[in-house]
Every structure is written in C-alpha cells, then in structure tokens.
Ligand SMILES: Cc1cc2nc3c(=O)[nH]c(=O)nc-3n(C[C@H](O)[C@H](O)[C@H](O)COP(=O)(O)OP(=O)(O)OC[C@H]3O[C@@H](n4cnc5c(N)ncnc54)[C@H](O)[C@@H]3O)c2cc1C
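First comes one chain, alone, set out as structure tokens in the form predicted on its own.
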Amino acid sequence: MDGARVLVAGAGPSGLTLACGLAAQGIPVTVVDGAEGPSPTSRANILHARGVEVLTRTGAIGDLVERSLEPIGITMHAGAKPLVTMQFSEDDKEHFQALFISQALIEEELRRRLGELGVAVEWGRRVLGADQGGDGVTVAFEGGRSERFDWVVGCDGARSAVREAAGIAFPGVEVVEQFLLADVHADWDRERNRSAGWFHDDGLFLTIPMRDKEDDLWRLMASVEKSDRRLEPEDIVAAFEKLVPERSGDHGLRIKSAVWTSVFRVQRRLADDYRRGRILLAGDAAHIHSPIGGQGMNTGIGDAENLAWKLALVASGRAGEELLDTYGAERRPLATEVLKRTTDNTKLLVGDTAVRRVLRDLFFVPLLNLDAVQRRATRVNSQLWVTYRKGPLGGGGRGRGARPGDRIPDRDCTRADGAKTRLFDVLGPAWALLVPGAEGDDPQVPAVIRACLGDNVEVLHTDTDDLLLVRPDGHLAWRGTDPAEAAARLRDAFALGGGR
C-alpha cells in the first residue's frame, strides 16, 4: 500500500491542515473544493491557543501573529450600561495565546504551506458521491468524471456530500431561531481591541473588531426571530442600522459598505461516526454548533492534525487500519463536550426564556466578573486542556506527571549535535523522543522505535526524568526508561509494526 492516494474534499481550515500533515509525511494527497477559488470572507475570526499550536506544528503560522489583533476580551452590556468585562487572561505557563485573525488569512497561510509541500488546491471540483469497494473509493465529481482513491476524507462542511455518500447520520437540533451577520466597513468610535455584546429583551447583539488595511472593519451579529423571507445584503445592513441603536443605545455607527452578510440558524449536530470504511470526516462535516466561543475552526483543525499522522502511517503501510478507529475515539468525545458547552452558553446568553434571562442576569453575569472564572473560561476556550488519556491510546491510571494521551507543552530542546530548537519546531510531521540530559545520542535508544516508525523520529535532549515519546500532534505516546517497551506499545496499542 506504499504511496496510497488520499483525497481531501474541502479546502477550508480542516482540509488544508490535514493535507499539509499528509503531504509533509510524503503521502500523495489531492485537495479539491467545489468553489471556484478561495473565499475572501471569514466565518471564523478567532484562533484560540490550541489552534495557534497546531498551525505552528504544521508550519503554517507564517506572519499571522503580526497580522492579528490581540483579543483582550469582551464587555457585555444592558443598554448603555456595562455589566461585565470578560478578559482573555494570558496563561503564563503557556507559550501560545489566542489571536483575533480572519479565517481567510489562516486559509491563505495554509495554502502557502501546502504549496511549499508541492500540492495545490484543485478548485471547481465538486464531489457528488463516493462508492466504496475492495481496497478503495471511487469518487464521482460534478461534470461526470470519476476517480479512484485509496482513502477519502470529507472536510466539505455541514452539508457534506462525502458524509452523505458514506451513509453516516448527522443528527441534531436547532439551538436558537436565527442570527443575522454582517462584516461591514464603518465609522464607529469604539475600542478595536475588545469585542462587545448587549443583552436585550428582543435578543442578543455582538460586535467584533476585525483587522484590515482601513482599520474600520467590524463583525455585527444579532439573534432575531425566524423568518422564511429571503434577506438580501441590503436588507441585512438595514436591519443592523435599526438593531444597533435599539439594542445598544449607541447611535454612533455609520455603515459605509458591507463585505459579507449572512443569515444562519444555529444548529447542534454530531456525526454518528467519524469513519465508515475508507471514508473519514473532519471539521464541520463531523460536527457543527453555535459560533459563541469561537470553537468551530479550532476543533476542526484539531481533528485534522489528529487524523493526519494516523492516516499517514496507515497509508504508508506502517500501521494497520485499526489505528484509524482511534481517531473518532479520541476526537468525538471532545466534540460532544464542545457542542454541549456552546449550546448551553448560547441559550443562556440569548436568554430565549424568562427563566434563562433570570439565571443569566442574577447569577451568570456576576460570576463572570470573578478573576478565577475568567481564567477558567480562557483555559476552557483555549483547548490546551485536551487530553486523550481515557482513549484507546491513553495511559489511564493515576499518579504524578504526564501520562500517555496527555498534551506535552512546547519547550526548549537540544539536538544530538548540540543545536538548540523547540519541540514544536520538530513535531508535525516528525515524532519526538525526548531524552534526559543536555547532549549526546545513544543510537540504541531510538533504534527500536525507528523500527516501527521509520526515520520520522527526532531525538531531542531536554529537562525530563524519563524517555518521552511525543506524537506529531503534541500528545504523549509513551513514557518510561526501556525503549523496547515503547516499541511493544507501538506495535500493540498503535497497531504499528515496522513495514506492516
């Protein structure tokens, strides 16, 4: 199965991250998208710390930090009265922090990285269906052309044709009735390093500053009653010109032009499975939920990074297909938790019932003014807490120190030749074997591990008591002192067998 071909359907953040991870490990990958070209607009505009980590390991962070706004926080109001300022508290223990950055810019950097790896997105190629048979998948494209691939990954959004072709159910419910959204150039005398929101009996209104050359781009979002009438962009702009002063009491907004408008209904949906044979799902094709909290894009690129190294091992013949079952086992529980949390927060913030409005105003809002609650909320949204220790590749048990499945933070390391580096500069595509001590290299230590993983293992020296084998996605695969034990774990738990 050497050189197995993979099709990634969808060139959004999830699909591009996955394709980068596969191409970096030498897997032939084709990326298609039904659109005629990249979207200039952005559904998401915050990259939480976990997302920054993933792009760093992928080699796609580029100059996004310099092009971003620092997300200080959000101030919630009732009319003109500020109720609570929710700070994005920096975590002194972490190297990476959240960024206000356009999804369009993130996709641009991912395409740049993918181009460096020799892959270009094939635009205007819409997947219509997929038929599994034998050891591959025959994919039907718009226009009557079909092509066969060894593996297919649907990153093609909430209305995924790949998911439908695989027969994977996507159950769920509507959370709130309807939202209006508009990205507008506007004259508005407001702080541009802080989001703002307003509670109102008629619904929630939010505004988020977005970076652009004119420094006057704002995202406006409001919950409204459901309507079946089709709204044109000018209708949505007119609605906001009326909504903003009504819900915020601020009459200073002067909209000059609209970059993008949208009407959407917040839904909560989760795919029953992330894999059906040789078809897999990632990102919005696998889960959709409220945009409150900005978790969608970050969860999707986390899916992609988790899947990339596993699919690369299987596609190259180094691992059995059962390794791919650990992808859904690790990522689907996280999506379940994200869906529940964002749904609960959305219902509470919107205040769609009298009881929820009382809970919000009397209990929830006062809690948000507490520093401890704000630090906790920042940590939860960051997804830096994610661990797979309870999954099939996890360590379970109790005790101090990191266990298999836990995330390993970035750190200073030294290569065998004495060169300084950082852990995340090595990971993705490589695995890292962290060795105690300042320098030197015992060739017997990594030899048995490389027998399973090939040459895709970097030996790094750092401040650690045990040997730590770190997966390409930054999670611990094994901890101990006997490398033969590590090889046994790779063969058993990870279905790795050195040329299987």
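Sequential numbering from 1, following the sequence displayed. On a predicted model such as this, the values are computed, not experimentally measured, just so you know.
Below: the form predicted in complex with the ligand, not depicted.
A.B. asks: Heavy atom within 4.5 Å of the ligand in the predicted complex: which of 407, 275, 125, 200?
C.D. replies: Here the answer is residue option 125.
A.B. asks: Only one of 298, 306, 378, 342 gets a heavy atom within 4.5 Å of the ligand in the predicted complex. Which one?
C.D. replies: Exactly one residue meets the criterion: 298.
A.B. asks: Even though the ligand is not shown here, does it sit in the predicted complex so that 49, 53 and 456 each have a heavy atom within 4.5 Å?
C.D. replies: No, because 49, 53 and 456 lack any heavy atom that approaches the ligand to within 4.5 Å in the predicted complex.
A.B. asks: So which stretch, 188-196, 283-291, 227-235, 421-429, is the one near the ligand in the predicted complex (non-hydrogen atoms, 4.5 Å)?
C.D. replies: Selected stretch: 283-291.
A.B. asks: Spell out, yes or no, whether the shortest heavy atom distance between residue 43 and the ligand in the predicted complex is within 4.5 Å.
C.D. replies: Yes, residue 43 sits close enough to the ligand in the predicted complex that at least one of its heavy atoms falls within 4.5 Å.
A.B. asks: According to a 4.5 angstroms non-hydrogen atom cut-off, is residue 59 in contact with the ligand in the predicted complex?
C.D. replies: So residue 59 does not count as contacting the ligand.
A.B. asks: In the predicted complex, is there a heavy atom of the ligand that lies within 4.5 Å of any heavy atom of residue 268, even though the partner is absent here?
C.D. replies: Residue 268: no, not in contact with the ligand in the predicted complex.
A.B. asks: With the partner left out of view, is residue 448 within 4.5 angstroms of the ligand in the predicted complex by any non-hydrogen atom?
C.D. replies: Close contact is absent here: in the predicted complex, residue 448 is far from the ligand, nothing within 4.5 Å, heavy atoms only.
A.B. asks: What residues of 164-187, in sequence order, lie within 4.5 Å of the ligand in the predicted complex by heavy atom?
C.D. replies: Contacting residue: only 181.
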